[in-house]
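Only one chain is given next, in structure tokens, and it is the form predicted alone.
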Amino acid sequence: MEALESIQVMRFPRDKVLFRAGEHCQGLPLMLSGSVKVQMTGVSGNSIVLYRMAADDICTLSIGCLMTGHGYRAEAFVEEESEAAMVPRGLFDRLMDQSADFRLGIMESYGRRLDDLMLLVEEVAFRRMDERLEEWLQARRSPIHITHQEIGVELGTAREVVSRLLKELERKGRVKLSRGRIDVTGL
């Protein structure tokens, strides 16, 4: 009973920053609703989306921070109004020690996200950016309301690379570009 009382349900408005790189983790957020984007920014200033959390997701970076005691290595932004139950650090530690079911659930969640991150590394390291961009465009409903910078963050590349590749697709008649909008015409 005491354990449940220590869990707080928190609401987060759109565009709120939940954590930044270097900050220490205070607890484990269990997503109840909404959408949160977790991304990493390199020394070059370029960013890449690592994963998104929606209802019933657990923050993988928070698990790692709680287990190691290190700070976050990325940042999290609320994409749409969200609600999360926050399991405080002390309760997390007790449940990991005392509950095989909780521990198994945490490790399964961590393992699934690790698989997703390995696929992301494979994409970034081994696939050509033009192929990745075309696949990304095909997976969305046209028109796509987004900036070249935002696509760069999604794909882990520079805005300039996205702009150059989109211009080439436009030259080939496969997309039509306008400010903040992409119409997919022939992919």
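Because the structure is a prediction, the values reported are computed rather than measured. Position 1 is the first residue in the sequence shown; the rest follow in order.
Unshown form predicted together with the DNA; subsequent notes refer to it.
- Message: Between His70, Arg128, Arg140, Arg52, only one gets a heavy atom within 4.5 angstroms of the DNA in the predicted complex; which residue is that?
- Response: For this set of options, the contacting one is Arg128.
- Query: Using a 4.5 Å cut on heavy atoms, which of Met40, Ile63, Met31, Ala158 is close to the DNA in the predicted complex?
  - Reply: So the residue touching the DNA in the predicted complex, by this definition, is Ala158.
- If contact means any heavy atom within 4.5 Å, which of 114-122, 142-150, 23-31, 52-60 contacts the DNA in the predicted complex? Going through the listed ranges, the match is 142-150.
- Query: Is there a heavy atom of Leu177 lying 4.5 Å or less from a heavy atom of the DNA in the predicted complex?
  - Reply: Answer yes; at least one heavy atom of Leu177 falls within 4.5 Å of the DNA in the predicted complex.
- Item | Exercise: Asn46 in contact with the DNA in the predicted complex, heavy atom 4.5 Å | Asn46: contacts the DNA in the predicted complex.
- Query: Can any non-hydrogen atom of Arg14 be found within 4.5 angstroms of the DNA in the predicted complex?
  - Reply: Arg14 lies outside the contact set for the DNA.
- Message: Please tell me whether any heavy atom belonging to Lys167 falls inside 4.5 Å of a heavy atom of the DNA, as the geometry stands in the predicted complex.
- Response: Answer yes; at least one heavy atom of Lys167 falls within 4.5 Å of the DNA in the predicted complex.
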